[in-house]
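Shown next as structure tokens: one chain only, the form predicted on its own.
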């Protein structure tokens, strides 16, 4: 650290500012949130960072202080106490503060976890449901109410909660749209649920966060958020112009391959539910809707 002595404090600050503010840029999707779910999770991450820094920063500072204060050199005035073995005051700060921080973090984490089990905002109507299936190596999105489907992209209306129901017809993966919320696993024979919402129009990057084979890097998609009127227009256009997804077409999608974006005006009825049941349906032994309501 001796080289810092030769730098004026203003230059040191200029060197550190890009690193301290780098998390505020748009390229850091995790902190550039666009919906209520992502905001809650971002705030929890930042709170965790600040609380843990209360312990980490003093420990790092003390490490350098102790190294310098008690270093072996002539004329060192540091007290020499060979019989010292314990300090209750020191034990209180060493253990008491971390335990208190862990308790606070536990309470905040449990609170926010249960807040995200359901939509984070009041609903002015039925939420949009999208059934998501991770395949080798692509994402299939089915709209059970609109009876359309897409591959490697999906469109949602803004300011409306979206209920993603997730499963897999391939090795397990993880569905993640960083600007809208945290990740959720997709597993064969299970139907997981994830509430997300976009507050403003935009294209939000999504990907599979798990390794799932040779071409896993191609499991990327965009969530396109647009106003409700534009979303309804897109549905109408899709139903009138896009081809239908047949059962043979679905079986081809299940095969290992990399494909571009695709849009379908319909899909085989019940293919999502049948996929879960054919894999055992451990999470859905009774009715699909019981675990997703």
Partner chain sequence: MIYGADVSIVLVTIAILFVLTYYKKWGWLWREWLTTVDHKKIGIMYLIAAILMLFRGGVDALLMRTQLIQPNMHFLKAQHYNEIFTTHGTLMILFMAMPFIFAVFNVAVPLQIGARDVAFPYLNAISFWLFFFAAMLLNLSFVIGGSPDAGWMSYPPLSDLPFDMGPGENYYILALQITGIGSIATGINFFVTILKMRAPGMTLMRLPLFCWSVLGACILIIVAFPALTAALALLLIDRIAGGHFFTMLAGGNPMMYINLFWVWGHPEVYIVVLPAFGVFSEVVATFSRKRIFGYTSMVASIMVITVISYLVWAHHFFTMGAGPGVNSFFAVASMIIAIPTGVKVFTWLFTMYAGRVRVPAPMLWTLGFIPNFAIGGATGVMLAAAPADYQYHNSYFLIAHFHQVLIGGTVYGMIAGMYYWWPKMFGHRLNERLAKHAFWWFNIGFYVCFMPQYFLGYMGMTRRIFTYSPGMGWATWNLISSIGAYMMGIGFILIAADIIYSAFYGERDTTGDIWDGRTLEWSLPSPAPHYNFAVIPQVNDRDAWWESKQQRLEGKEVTALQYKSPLRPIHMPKSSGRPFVLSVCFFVAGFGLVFNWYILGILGFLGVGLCLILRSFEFDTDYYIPIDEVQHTEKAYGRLLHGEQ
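Numbering follows the first chain given and starts at 1. Computed from a predicted structure; not experimentally measured.
Missing here is the form predicted in complex with its partner chain; even so, the following discussion is about that form.
Proximity of residue 157 to its partner chain in the predicted complex falls outside the 4.5 Å heavy atom cutoff. Interface membership of residue 207, defined by any non-hydrogen atom within 4.5 Å of its partner chain in the predicted complex, is confirmed. Taking non-hydrogen atoms only, residue 212 approaches its partner chain to within 4.5 angstroms in the predicted complex. In the predicted complex, its partner chain lies farther than 4.5 Å from every heavy atom of residue 224. Interface residue among 259, 242, 55, 235 relative to its partner chain in the predicted complex, by the heavy atom within 4.5 Å criterion: 55.
In summary, the region of this chain contacting its partner chain in the predicted complex, judged by heavy atoms within 4.5 Å and restricted to 126-134, 142-150, 157-165, 186-194, corresponds to 186-194.
In the predicted complex, its partner chain lies within 4.5 angstroms of at least one heavy atom of each of the following residues of 80-103: 80, 81, 82, 83, 84, 85, 86, 87, 90, 91, 94, 95, 98, 99, 102, in sequence order.
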